Every structure is written in structure tokens, then in C-alpha cells.
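For reference, the chain that follows is the form predicted alone, supplied as C-alpha cells.
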């Protein structure tokens, strides 16, 4: 494995220690909580309290400008923060809120930044996703939800689906077609929508991982005109691809929340194999299992190196991010490797991996839960879509 040590100064070493000590104090139970796949009310309260504590430290907005509730800290400090959260097994921040913050920082008005970023920075306002529709998932540009201007308001009509944890949220980030004559990528606008707006109804949509996604219906839902983010009709490039505007966030290459989960699961799998005996010997001495563990370790290490590559390019170029080819191929690999990893882990454990609870459950049923959640890797597009984008946008190949 590659040894990458970003804390090469006394100040950065002290920063890592500060983060580590905070985690031991703020998340002492080390409870495994994944907002995508957990509906336990007590778990949600503990989860929210934890992130409010992180927000109180100013660490949600660590690299944002001070003017907008941030600390203007460096890229490497954010990287160390993420590393410690991964290693400790802390629950991840709801990704949609971070996507909203990125969009508002880049394309929002000064007033929108002051109004919305505080709640995200303090983790007191949660955001749901209003992208996917029943007939517009991987092909998001086919969305049909409409938005038309009526005086000082926009009026929304349509349906969104797969709104992960949206029933726990206060606002929703909605993409809608504001030009009725437009097709595909043109004429799409982005809106910040309060979920208590009359004309919005939400119905539960349970997933096989024990989480709740949602279907959200908009029927003549009127929102103020200043809920529009960015330029009218330009959301595909400005919001979806983050083109234009001004880069105000110093974080650049944030560590992927999905990678965090996989790194934690690998550590648990290896520990399980070291501690569990079969035929009088630890599983790590079984040659077949050693090959399987090696395969899993190589896959996770490949994903980790891809994250380090993104960090390196962001830190050296000052622009952040990777090209369409690299980012989409990495996403395709992850989306295909995750269910494969879960399948191999289940095979290593054997029939007991299917038990969710009780004395026979292995790691409190985490292997079984991880297997079911591995099929929820559609967010942002399927692996097939990622390959297509890598080919067309990355290599310039025809459709």
C-alpha cells in the first residue's frame, strides 16, 4: 500500500490530534449509523446531535470563507479531518447538504449564501434531493418537472423520487425544466425549496437496506423568485457540473463518503477473519480466504489511490477535481466493485452472514446489511452511464 502522510508539520500533527480527541468525546459509542439505511429514531437523534457538535466546532464549513460561516482552513487540513472521521468510523454528513453548499457558494447570491449556508454549516438544516424522477434517473436530462414564473414566484409541478432521507429534511434542492420548449440538458433550472410549502406532498419509499427514500409531488407549489440558484435554464452546466462562478471553498478534492464506508468495512472484514477460527485456525490462514481478502484489499486500495490522485491534482493545480475520463471511470469501478465486495464478504463468513441479529449474527449483522445496501449504488448514475460519459466527454467518442 502507498504511504501518504499529509501531516508533515508540527501544526498539522497537532490538528490531527485535536480531531481525534474530539471524535472520542463526541461519538463515544462508535455506533454504526448510515443515514441512507437507518430509520431508528434514537439513532437519528444521536446522529443529528453529533453533527451539530461538529458544526459548533466550525468543521462542517472548515474550508469555506469566514464571511460565509467558514474557517478558511487549508485543503490539507480538510483532508486530515476526513481521514480521521474515516478511521474512527464516524457517520458521514448528509451529502445533499454539502452539494447545496457547493452550488450556493459558487453560483448563489450574497443573500442566498447568508441565508442558507449557516444552517448547513451548523448542521441545523437538512436538505433532501429533488433530482431523480420515475422516468429520469441515470438519464437525468430527461426530467419533466416544470417550473414557470408567475410574478414574484416560481410555480413547481411534477414528481421526484428516490429522495434519500428527505422525510428528515427541511428543504429540498430541486431541478426543474423552466423552459417548456427545451429538451434534454437545456432549459433546466435549480431551486431551493422549503418542504413546508403548500402543494408539496411526500410519500415513503422503503428500500431493501432498511432505509427510507421518498416520492415527492409538486402540485402548483409556489416558491419565491429568489429561490432560483444560478442563471435560469443553466443548471445542467452550472449546478450539475459546477461550471462557472467562483471557487470559494478551499477543500477541492473532498474524500468520498462511499469510500469511507468501504474502508471501514474492509477493516471490519479483516478483523473478523483474524479473530474467527474455522477448523481450529484463524480464517486468515485459509489460502482461499487469503486470496479473497487480497482481492478486496486491492480494490479498496485502488479507490483510495484514486482519491489521493484527485487530492494531488487539486493541491498542485489549485483548481480541484479530475477530468471527465478519470472521475467517471473511478465512479464506474466503485459502483461495480461495491456489490462484488459485499458478495465476497458474505462468502467469507458463510451461511451465518445471512443472520441479522441474535447470538449467531456476525458483527451484529453488518455483513448482511452491507450486502443489501450494496444495490443502492445508483446515486449519480449507474456504472453503465459513467462508462458512457467517460467515453463521450472524456475520450470524445461518438454515442
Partner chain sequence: MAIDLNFNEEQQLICNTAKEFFAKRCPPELARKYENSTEDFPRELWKEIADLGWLGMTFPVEYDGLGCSFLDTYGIYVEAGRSLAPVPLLEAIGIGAALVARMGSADQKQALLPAIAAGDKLVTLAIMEPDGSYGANGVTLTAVKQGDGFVLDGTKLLVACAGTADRLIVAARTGGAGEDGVTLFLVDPKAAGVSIERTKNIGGYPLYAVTLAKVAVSAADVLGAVGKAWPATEAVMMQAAVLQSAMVVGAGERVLEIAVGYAKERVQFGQPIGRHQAVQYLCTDVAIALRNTSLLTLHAAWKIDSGQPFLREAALAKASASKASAKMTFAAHEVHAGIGFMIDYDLQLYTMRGKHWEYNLGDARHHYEIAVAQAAA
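Model, not experiment: these values are computed from the prediction. Positions refer to the first chain, counted from 1.
There is another form of the same protein, the form predicted together with its partner chain; it is not shown, and what comes next is about it.
- Using a 4.5 angstroms threshold between heavy atoms, residue 347 counts as touching its partner chain in the predicted complex.
- A residue is said to contact a partner when one of its heavy atoms sits within 4.5 Å of a partner heavy atom; residue 32 fails this definition for its partner chain in the predicted complex, lying far away.
- The closest non-hydrogen atom of residue 376 lies within 4.5 Å of its partner chain in the predicted complex.
- In the predicted complex, none of the heavy atoms of residue 177 sits within 4.5 Å of a heavy atom of its partner chain.
- Heavy atoms within 4.5 Å of its partner chain in the predicted complex are found in one stretch of 119-127, 271-279, 169-177, 152-160, which is 271-279.
- Each of 297, 355 and 371 is positioned with at least one heavy atom within 4.5 Å of its partner chain in the predicted complex.
- Contact annotation: of the candidates 89, 199, 137, 233, the single residue with a non-hydrogen atom within 4.5 angstroms of its partner chain in the predicted complex is 137.
- Listed residues 102, 195, 205, 259 were compared with its partner chain in the predicted complex; 205 is the one with a heavy atom within 4.5 Å.
- Taking its partner chain as positioned in the predicted complex, the residues of 373-390 that bring a heavy atom within 4.5 Å of it are, in sequence order, 373, 375, 376, 377, 378, 382, 383, 384, 385, 387, 388, 390.
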